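Only one chain is included here, represented as structure tokens and corresponding to the form predicted on its own.
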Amino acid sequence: MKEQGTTSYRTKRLITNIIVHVVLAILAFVWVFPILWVVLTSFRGEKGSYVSSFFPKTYTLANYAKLFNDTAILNFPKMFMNTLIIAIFSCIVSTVFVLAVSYCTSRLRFRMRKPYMNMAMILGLFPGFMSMVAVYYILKSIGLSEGSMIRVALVLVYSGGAGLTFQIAKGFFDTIPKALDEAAFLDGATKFQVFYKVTIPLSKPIIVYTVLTSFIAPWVDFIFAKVICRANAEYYTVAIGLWRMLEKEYIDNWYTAFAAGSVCISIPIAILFVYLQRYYVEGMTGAVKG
């Protein structure tokens, strides 16, 4: 009887594992399929947006060459650099804001703390683009909607409301034992020293998460960039550039270049993730030891 029960359990577990792996394989295929299509299209030799086969008939690197050499109409290298500059500065400012607000709401007790947290949660329910008209006119009134100040305006837009997205980082800070803070206070450390020398070294996972989300947001945003840049093509971001490649007058000549551009803009995010992944693992190990 015992052997039959063991055999039945093993059979059920085997069937469950098979079902789980099949479902995961299907989901993986659904997730990878669009990426594979974009990569293959970026090397496609046939021009135009309408083709009869999934796999390219001929392969070429001309699409990537066109992307970086044909800058008379759509200057992709300029758009790429604009986006990279905006994303880097937005990432730095947003990360500082999020970590500072998260630490304060987690460790400090002050007036209006709970009302602020409730307000931030309610405001988080509304998409940011609902305020884009008001934000644009505010930026215009202070002279940030023209010329090189457009980059500054986009950095302010992407990082200005970052302090409202503190909930995830606050939840992580709540898991760090307060006894560590108290021990540091007994040794004469200030609140800033506790934050910088005790909490931050144990918070690498959430710092990595904050950096990635803060970098990706301006990298992929289209709505605010389009509203603020308007017709100033010199300050377009890659999102606007890729969108213009699909316009009626450009799509036939730039469709495969659009796929090549999509591959190119994924490279910085992939590099950033691979580079920061080791800090995520180290942070998790340090948190366990702490």
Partner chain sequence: MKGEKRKSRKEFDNPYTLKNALAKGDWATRLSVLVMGAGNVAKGQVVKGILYFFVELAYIYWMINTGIHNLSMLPSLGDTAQEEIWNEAKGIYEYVAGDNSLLILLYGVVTLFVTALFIIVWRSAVCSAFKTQTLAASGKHLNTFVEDFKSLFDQNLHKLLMLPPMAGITVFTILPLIFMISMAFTNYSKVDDHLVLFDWVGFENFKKVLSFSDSIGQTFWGVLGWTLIWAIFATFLNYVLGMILAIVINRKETKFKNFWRFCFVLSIAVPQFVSLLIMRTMLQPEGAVNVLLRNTGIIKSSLPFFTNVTWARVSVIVINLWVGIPYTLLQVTGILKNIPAELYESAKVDGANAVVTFFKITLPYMLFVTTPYMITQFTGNINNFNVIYLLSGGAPIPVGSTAGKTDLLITWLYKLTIEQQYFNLGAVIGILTFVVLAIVALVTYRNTGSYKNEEGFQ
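Given the structure is predicted, the values throughout are model-derived calculations rather than measurements. Numbering follows the first chain given and starts at 1.
A second form of this protein, the form predicted in complex with its partner chain, is not displayed here; the remarks below concern that form.
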task = Examine Leu242 and determine whether its closest non-hydrogen atom to its partner chain in the predicted complex is within 4.5 angstroms.
result = yes
key: Exercise: Trp219 in contact with its partner chain in the predicted complex, heavy atom 4.5 Å   = yes
task = Using a 4.5 Å heavy atom cut-off, state whether Tyr236 contacts its partner chain in the predicted complex.
result = no
request  = Using a 4.5 Å heavy atom cut-off, state whether Leu139 contacts its partner chain in the predicted complex.
outcome  = yes
query = So which of 169-177, 204-212, 83-91, 68-76 is the stretch with heavy atoms within 4.5 Å of its partner chain in the predicted complex?
reply = 169-177
message = Can you work out which of Ile200, Ala184, Met117, Met149 has a heavy atom no more than 4.5 Å from its partner chain in the predicted complex?
response = Met117
inquiry  = Under the 4.5 Å heavy atom criterion, name the residues of 119-157 that approach its partner chain in the predicted complex, in sequence order.
reply    = Met119, Met121, Ile122, Leu123, Leu125, Phe126, Pro127, Phe129, Met130, Ser131, Met132, Val133, Ala134, Val135, Tyr137, Ile138, Leu139, Ser141, Leu156
